[in-house]
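The chain that follows stands alone, in the form predicted alone, written as structure tokens.
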Amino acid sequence: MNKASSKSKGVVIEPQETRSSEASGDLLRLLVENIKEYAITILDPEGMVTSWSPSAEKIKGYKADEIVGKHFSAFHTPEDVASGKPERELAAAAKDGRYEDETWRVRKDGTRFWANVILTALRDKKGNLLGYGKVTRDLTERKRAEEQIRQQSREILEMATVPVVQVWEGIVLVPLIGVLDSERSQQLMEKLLERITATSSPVALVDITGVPTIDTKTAQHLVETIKAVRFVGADVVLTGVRPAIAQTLVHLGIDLSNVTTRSSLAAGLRVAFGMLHLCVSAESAD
């Protein structure tokens, strides 16, 4: 009786375990098939695609029969392929068990998308490498939103760091902070000329105390701005010319001998008031 019960128990348990395993497998397949945000790919130890989820087709553009059997480097940019990045990713995942990256990837049609990629090494109980599981998420929209926020922040910062303020009747001031590239130089020139014309100011103070370094392009932008200001009939006082900046300008061969310069804004203001007094005196004499 006991023997029969034992045998019966064993027979009953085994199908239950099988059904449970099969059910779990079915649920897993349903999960993989219904995940839309992640492309799930299985690779062999060499990096060849062996399995392809429906979401992977949607995100990357390949149908399963077009990509299965091909190397996963097809998803990498040409420059990454040339540098051997796909192989380094496999090696890193094999060594550490997992590799994660956020970078540009390529769809079938050649368009790029910003992807979060997680590559996981798959091993058997003995530690033998069976292949890799690869999960990719398209974060292009997030990337674009972040870039837009950064661009807006840059524009706000530029507006804040390239103000043109009237410190006295007849004197306008431009305190520069940060790198003076071509775009900011153009913005500076336009704002400065507009303000000089609108206020009929004969003196413009351009303060470069907040400019960390001067290179050839930056110096050329300054020279062009000074020339433009003179064309509208105003004089320029360049302030914040520290010894290191002065040496750099000399080394670059930038001739500012005909430009009034001072090491500090306070000293420049004194010069500007002197220029303004001369302008007023000349107008009175006329």
Partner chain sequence: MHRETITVIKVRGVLMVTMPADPDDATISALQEKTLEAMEEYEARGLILDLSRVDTLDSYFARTVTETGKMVNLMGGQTIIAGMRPAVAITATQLGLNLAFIRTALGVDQALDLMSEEHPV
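In this text, all values refer to a predicted model and were calculated from it rather than measured experimentally. Positions refer to the first chain, counted from 1.
There is another form of the same protein, the form predicted in complex with the partner chain; it is not shown, and what comes next is about it.
In the model of the complex, the partner chain lies within 4.5 Å of some heavy atom of residue 224.
Put simply, residue 230 is close to the partner chain in the model of the complex: some heavy atom of it is within 4.5 Å.
Among residues of the shown chain, residue 133 is not one whose heavy atoms approach the partner chain to within 4.5 Å in the model of the complex. The closest heavy atom approach of residue 111 to the partner chain in the model of the complex falls outside 4.5 Å. Exactly one listed residue, out of 208, 196, 214, 93, brings a non-hydrogen atom to within 4.5 Å of the partner chain in the model of the complex: 196. Only one of the listed residues (190, 141, 102, 79) places a non-hydrogen atom within 4.5 angstroms of the partner chain in the model of the complex, and that residue is 190. Just one listed stretch, out of 52-60, 246-254, 232-240, 66-74, contacts the partner chain in the model of the complex at the 4.5 Å heavy atom level, and that stretch is 232-240.
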